[in-house]
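First, one chain by itself in C-alpha cells, the form predicted on its own.
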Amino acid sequence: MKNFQVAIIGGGVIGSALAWELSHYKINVVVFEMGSDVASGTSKANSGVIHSGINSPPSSLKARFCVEGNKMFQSLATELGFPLKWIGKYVIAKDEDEIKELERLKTIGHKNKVAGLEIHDGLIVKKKEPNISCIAGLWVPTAGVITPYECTIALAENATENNVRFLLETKVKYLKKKADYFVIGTNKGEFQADVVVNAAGLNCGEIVSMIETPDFQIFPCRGEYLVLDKTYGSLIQSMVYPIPNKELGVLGVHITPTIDGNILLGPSAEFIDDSYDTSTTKEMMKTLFQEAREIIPALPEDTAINAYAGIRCKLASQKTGGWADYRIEESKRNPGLIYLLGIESPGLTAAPAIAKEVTQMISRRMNLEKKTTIRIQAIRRSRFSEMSLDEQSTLIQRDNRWGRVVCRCEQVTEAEVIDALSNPLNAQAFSSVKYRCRAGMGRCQGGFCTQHIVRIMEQQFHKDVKELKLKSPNSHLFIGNVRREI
C-alpha cells in the first residue's frame, strides 16, 4: 500500500512518539526514516535526561511541553517496558554570584509548576554527593534518566505492532501538493498522504524547501560526550549540572549517571556548518575532562571508554544567543503539512506531549476514531546478566544459545543477539544489535563480540557479509577480502 492518511518524515524520538500516539487510532500511518534504524540521529546521541522545566521561559512551548512530557513519562515507560529512574539532579553554584542564578532557576521552575525545588548549602550537597565541589546546589527531584534510543525503539516497535508502517533507509527526495493530498517521492518510489508531518530534525529545512521557501534557518550545534567505564559509576548518584551557559543557549557540560551504570560527561557546544559532522576530537575530550573536574575534582583521567557526538537543531545562531522556542505549526501555503521545527533539548522529555499536540492538529483535518484493542508491548525481558542463577539455568536448559556468551563485557548471549535482530522493524544493522541488547557497548567496545555477531548474522539470518552495515545505509562493515581461500 502506498496511500496513507498520515505520513511522518523522520524516525527519531519525535516521529516515533507521534507514530505511537497515532497507532491508537483507526488510520493508516507511514514513517519515512532515511537511516537503517530509528533513533539513528540526534535521538540516540543525547544525555537521556527527562528534564523538569526549570530552564525554559514560562510562556514558551519548550516549558509547556517539557513539563507535560515529564508527567507522562512514568506511565509511558511502564506501558512500553523501557527503564526509567527518577534520580534527580543538582544545579551547583561555585560562588555567591552563581547562587543568584540558582534563585533565578528556582523562580522559573515555580512559575512552570515544577514541584520539590530546594536550594541546599554545600554541606547538604556534600552529604548526598560527597565527590562534588560546590558552595550550594538547586535540588530538582523530578528529573530522571532513560536510555534515549531504547525509548525510541520501544515507541517505534510498539507502533509497528499496531499497524504503523516504518520504512527504513527511505530518503524523501521531493514533496508535492495536489488538490487534497501530498505526493512524497522517495528512493523507494512515490507515496501519497492526506497529512504530512515534518519531524525530520536537522533536515527539517531541507524538507520545507521541497515545497515552499523556508522562513527560518537551522544552525547545527555539535555536542561531544565521553562515556566512563562502569567501574566509576559510583562517583555520583544524581545528575550534576553547572550554571547554564547563557551565551550559547545550552545547559553546559554536566555529569549524568546512565541507566546501565556508566557516567556521561558532556555535552560540549560548538556551532558548526555541517549538520552531519558528528566527529569527536582529542582536544574536546581534554576540555570535557577539565570542566568535569571542576565539578568532581578527583575524577581520574583514564576513565573514558568511548566518545560520541550529537547535533542540536537550533533555530538561533551563536551570535544571537542560541536560544529559540519550538515551532509547531501547520503550513499556511500548504494546509495539511505540519512542521516541527527546532526541536532540541528538552525535546526528548517533550516528545510524548508534542505527539499529543500534533495528534490534536491532525484531528482537525480528519476523523480520528480510537481502536477498541491495542497490542501492548510486553515488558522488556530482563537481560541475561540481570537474572538469577536459577533463571539463567532454566533458560539454558530450554535453549543452549542462552549459554553462549557473545559479549563478555556486558554478558550478552547469542539468544539475546538473535532476539535483537528479530525486531519488528526489521532493522538489522550492527548498531541495531548494539542498541537493543548492549552487545559492543562494554569496555572493549566490540573487540570481542563483533566477530560473533557477524557469524550470527551470516548463519542465522543468511546475510551476505559484504552487505552487513554498521549503522547507516552506506556504512558497510566490510569492503573486501584480506585473505582468499586458494
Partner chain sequence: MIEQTADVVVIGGGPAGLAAAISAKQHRANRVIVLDRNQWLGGILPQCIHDGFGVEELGVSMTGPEYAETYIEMAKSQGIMFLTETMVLRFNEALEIIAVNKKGILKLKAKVIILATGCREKTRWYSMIPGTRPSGIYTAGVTQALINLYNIMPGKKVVILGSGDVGLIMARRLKFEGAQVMGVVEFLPYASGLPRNVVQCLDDFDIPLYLNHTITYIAGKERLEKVTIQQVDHTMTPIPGTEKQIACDTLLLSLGLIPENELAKTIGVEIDDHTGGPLVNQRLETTIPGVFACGNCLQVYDTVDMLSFDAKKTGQYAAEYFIRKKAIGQNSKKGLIVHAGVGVRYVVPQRISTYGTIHFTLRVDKPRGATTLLLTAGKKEVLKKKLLGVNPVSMIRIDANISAEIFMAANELEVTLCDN
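What you are looking at is a predicted structure, and each value in this text was computed from that prediction instead of being measured. Positions refer to the first chain, counted from 1.
Although not depicted, the form predicted together with its partner chain is the subject of the following passage.
Q: Note which of Lys319, Arg333, Lys370, Lys282 lies within 4.5 Å of its partner chain in the predicted bound form, where distance is taken over heavy atoms; exactly one does.
A: None of the other options qualify; the answer is Lys282.
Q: Report the residue, out of Pro297, Gly403, Pro83, Pro214, that has at least one non-hydrogen atom within 4.5 angstroms of its partner chain in the predicted bound form.
A: None of the others qualify; the residue that does is Gly403.
Q: Please determine whether Gln411 contacts its partner chain in the predicted bound form, using a 4.5 Å cut-off between heavy atoms.
A: The answer is yes: Gln411 has a heavy atom within 4.5 Å of its partner chain.
Q: Check whether Leu389 has any heavy atom within 4.5 Å of a heavy atom of its partner chain in the predicted bound form, and answer yes or no.
A: Because a heavy atom of Leu389 falls inside 4.5 Å of its partner chain in the predicted bound form, the answer is yes.
Q: I'd like to know if Gly447 sits close to its partner chain in the predicted bound form, meaning any non-hydrogen atom pair within 4.5 angstroms.
A: Contact check for Gly447: yes, within 4.5 Å of its partner chain in the predicted bound form.
Q: Check whether Leu226 has any heavy atom within 4.5 Å of a heavy atom of its partner chain in the predicted bound form, and answer yes or no.
A: Result yes; Leu226 sits at the interface with its partner chain in the predicted bound form.
Q: Which is the contacting stretch out of 130-138, 338-346, 174-182, 308-316, given heavy atoms within 4.5 Å of its partner chain in the predicted bound form?
A: Comparing against its partner chain in the predicted bound form, the contact stretch is 308-316.
Q: Do all of Ala143, Gln290 and Tyr326 end up near its partner chain in the predicted bound form, with near meaning a heavy atom within 4.5 Å?
A: Judged in the predicted bound form, none of Ala143, Gln290 and Tyr326 sits within 4.5 Å of its partner chain.
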